[in-house]
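Just one chain follows, in the form predicted alone, and it is written as structure tokens.
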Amino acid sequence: MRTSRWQIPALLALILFLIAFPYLFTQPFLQRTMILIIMWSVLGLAWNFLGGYAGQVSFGHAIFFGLGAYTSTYLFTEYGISPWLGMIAGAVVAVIVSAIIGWPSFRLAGHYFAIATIAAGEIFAIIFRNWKTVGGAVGIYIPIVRGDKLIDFQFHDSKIGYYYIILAMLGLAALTTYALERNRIGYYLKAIREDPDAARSLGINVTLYKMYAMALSAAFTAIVGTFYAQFVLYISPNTVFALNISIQMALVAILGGTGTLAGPIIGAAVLIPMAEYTRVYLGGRAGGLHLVVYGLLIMIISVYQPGGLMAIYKQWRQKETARKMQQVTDAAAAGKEG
């Protein structure tokens, strides 16, 4: 798609705003909300590799999120290994597990695949609830180190350290998505999404490229799992293997627009502030209201615009382009008549 004149300046302005954000808005609540928006943007982009480009709707991505969180946390608490190394280990574990889950699951299609991923997610949650070595249902508390240490991935005096780490992760996920869209693998995945049989007839190894997409998706999801563990300093099966984590990853991408770079980011920018402000300002008076809103959004998107907010934007651009072309045509016709 051709880049508009205003898109590059707008992108640069957005990047500068994100870099300056923690110094422009010093309130802890606003900083925490922005961290969550960026975190869910990365998770949405990670889910998008498989669900958006490969067309495989997964509701089991909490598996990879939890594995990333548990791997780095266990290595840190038991052996003193830096969470940065634990993050890499968690990504490797997640990729291996994604291959184990993906190989048989990709024999299924449509809602059968989605159901299989839900079942896999629940199996992992049950395993970790009963696995005493990693804390069982109680979970693991991450010990607090003295001072703010980048090497230990802990910042106590300010959230700015966490903010720039997750912002860097967003940049990496966005660059990876940008490269994928322009790479041969990206084209293959889009072909598989549109018509797997036609892609197979052209010689594309459909299962192999789905495995590539799932591995990439799992690695990024696990990395964010490590970030989340260090951010909250406590994990349990109910917090990192929960089904609602998988659903929210999918919803962020679906609301914004699957198979696009900007879609998951826009989806997170809409959903996460709504959820946070609902919890804060309504408190216990309307617990779970944001889940009701999520359900309504899913129904509205499914019925009126399955392509999400990005599809609405593209439709608006097409109408604007057609209107301007009509104006030019009318002006030319009027000139000839004159």
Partner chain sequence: MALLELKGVTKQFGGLMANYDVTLSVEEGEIVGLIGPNGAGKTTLFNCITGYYKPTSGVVRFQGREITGWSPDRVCKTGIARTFQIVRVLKEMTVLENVMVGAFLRHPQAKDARRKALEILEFTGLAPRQDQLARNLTIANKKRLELARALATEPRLLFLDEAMAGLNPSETNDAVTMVRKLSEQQITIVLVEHVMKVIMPLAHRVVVLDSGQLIADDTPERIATNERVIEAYLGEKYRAASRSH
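Residue numbers count along the first chain shown, from 1. All values derive from a computational prediction rather than experimental measurement.
Although it is not shown, the form predicted in complex with the partner chain is what the next lines describe.
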Answer yes if any heavy atom of residue 204 is within 4.5 Å of a heavy atom of the partner chain in the model of the complex; otherwise answer no. yes
How about residue 78: is it within 4.5 Å of the partner chain in the model of the complex, going by heavy atoms? no
Using a 4.5 angstroms cut-off on non-hydrogen atoms, would residue 95 count as touching the partner chain in the model of the complex? no
Would residue 198 count as a contact of the partner chain in the model of the complex, using a 4.5 angstroms cut-off between non-hydrogen atoms? yes
In the model of the complex, which of the listed residues (129, 159, 190, 149) lies with a heavy atom within 4.5 Å of the partner chain? 190
At 4.5 Å between heavy atoms, only one of the stretches 223-231, 133-141, 241-249, 177-185 reaches the partner chain in the model of the complex; which one is it? 177-185
